[in-house]
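Single chain ahead, written as structure tokens, the form predicted alone.
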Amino acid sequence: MKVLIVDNVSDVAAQIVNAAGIEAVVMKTPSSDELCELIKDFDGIIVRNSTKMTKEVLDCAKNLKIIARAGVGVDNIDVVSATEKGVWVVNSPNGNTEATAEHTIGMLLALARKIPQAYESVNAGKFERSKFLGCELCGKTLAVIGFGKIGSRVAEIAKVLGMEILVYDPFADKAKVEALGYKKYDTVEELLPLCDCLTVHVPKNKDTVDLIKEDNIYNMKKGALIVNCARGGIINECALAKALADGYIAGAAIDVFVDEPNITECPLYKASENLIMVPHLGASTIEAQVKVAKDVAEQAVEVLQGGKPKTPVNKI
């Protein structure tokens, strides 16, 4: 049996697969055409978010039994087609939690204090202290959309900073949310006019694409700050670019984009001086990459040895 490991997944994945007596083949992110040819020979594949497991690729798979996503989101995997072919899709829902939550708070702090802009100024030989007047997060309201593992951890850290937490998540238990000292709202529309800062932590699907868009972004407080470390497209890029350009939204920190890695094609590219853009770094810590690689490699081994995965995304 053979497992293909792509997208710079941590070396620990190959070590676990090989230790189980299964051959691990490691390579960089293949093109769609390359993957269509390669996948014929493999029983499993471990990916991050760059490799696209499309229906076309899956139609070429003869022996594939498992697609293991070293991370949380599976929007790069055609889960329906995989299920129809009897292929398990698994992810690692816990491995990225701390890394992404800390990254979100770091982005929010950098946004509030204009740290990247101030760095660029000093790096250019200037000392424009008065130009970079920021704001404190203590006492501000933070709207957390999506109260799963990452969203709830972000709220926990933000509360320590002295922020008031507002929550929207139709699947969260109101009593549990309020027991933590937060306020839960039934709709996004109720939440938006109340927050000074907003962060999203929902999966990307038909219900969450353009969750924040031109129709509702202007319902936020004027001067609000926005952070997206979840998935590109949850906050409509054109709407955000417009709201930044006209000064309604004071600033945004964006880690994820609709068309990655083609960043120069993004409507947000150079849209505002008060915009921080970084290249999908939410899970990019040494610790997180080891955790997710270990998690999904162990599940791949389990499935290929006749067992069932620990955290399946689909049902076989």
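These numbers come from a predicted model, not from an experiment. In this text, residue numbers run from 1 along the sequence as written.
Only in words, not in the display: the form predicted together with a small molecule, which the text now covers.
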Is residue 231 close to the small molecule in the model of the complex, meaning a heavy atom pair under 4.5 Å apart or at it? yes
Looking at the partner-bound form in the model of the complex, is residue 134 within 4.5 Å of the small molecule by any heavy atom? no
Answer with yes or no whether residue 48 is in contact with the small molecule in the model of the complex, where contact means some heavy atom within 4.5 Å. yes
Using a 4.5 Å heavy atom cut-off, state whether residue 104 contacts the small molecule in the model of the complex. no
Of 38 to 46, 280 to 288, 54 to 62, 23 to 31, the segment with heavy atoms within 4.5 Å of the small molecule in the model of the complex is residues 280 to 288
Sort through 77, 90, 72, 227 and report the residue having a heavy atom within 4.5 Å of the small molecule in the model of the complex. 72
